[in-house]
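Just the one chain here, the form predicted on its own, laid out as structure tokens.
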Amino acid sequence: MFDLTGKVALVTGGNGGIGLAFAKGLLKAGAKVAIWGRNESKNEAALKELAALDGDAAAFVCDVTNTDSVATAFAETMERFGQIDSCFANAGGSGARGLLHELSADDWSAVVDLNLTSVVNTYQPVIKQLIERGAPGKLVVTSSIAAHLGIGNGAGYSATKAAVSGLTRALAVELGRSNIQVNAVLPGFIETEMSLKTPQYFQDSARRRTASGVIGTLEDMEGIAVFLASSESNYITGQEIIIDGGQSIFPM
């Protein structure tokens, strides 16, 4: 079970944090992995970590908010691996923080491009090649429990993460007859370079609200990537899978 030998997985934002954790889990399960990231030096550093797992991985410079950049990275990925079987649209970020009525139009557009439009840009060529191949496929987007929880000074982040959950449900219906499953992963507070830059009171609050009192680690994210990329998840589609140690259901 969960053997990904012969499969190719694409992970955007795969050069660090949750994306790199996804890539590690996929490699361990036998998949070949392509990572897309904007920063070439971070891509190279990630490949060194992945090389220790004795798998087949490659990195491509890509800005997923730019359709020309996506087209180039997609072509390079297909030339290197010949196919993409699962796609993890993981790239994203918090965007500008602040009260909604004080955000500029550019700030709002930037977070929409980063967390929503980028997913569409990534999915479009992957879906097209899956359908042209007549191959089954898996699409997974990294959302957040912020899609469900109210988070002050982060309306753009919460709204766009909720939007990709809606996109997930729509695509699950749209692509179901093509044997393509589409799901969203909603992490809670996971120890990443980005999350550890948040205020200490926020980190402490997240820890208190987990059922175990323990913050999630990147290793906790590897298994869900393998499961959702494998045939063992074939009857799961259009779902939001929350990985937060109970943070979203724990009483205040």
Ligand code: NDP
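Residue indices: 1-based, along the sequence shown. This is a predicted model, so every value here is computed, not measured.
Omitted from view is the form predicted together with the ligand, to which the following refers.
- Not one of 32, 73 and 137 comes within 4.5 Å of the ligand in the model of the complex, counting any heavy atom.
- From the list 23 to 31, 223 to 231, 49 to 57, 184 to 192, the contact stretch for the ligand in the model of the complex under a 4.5 Å heavy atom rule is 184 to 192.
- Although the partner is absent here, residue 17 sits close enough that one of its heavy atoms falls within 4.5 Å of the ligand in the model of the complex.
- Contact check for residue 39: a non-hydrogen atom falls within 4.5 Å of the ligand in the model of the complex.
- Residue 156 falls outside the set of residues with a heavy atom inside 4.5 Å of the ligand in the model of the complex.
- Contact between residue 210 and the ligand in the model of the complex is not found at the 4.5 Å heavy atom cutoff.
- Using a 4.5 Å cut-off on any heavy atom, the residues of 66 to 102 that reach the ligand in the model of the complex are, in sequence order, 90, 91, 92, 93.
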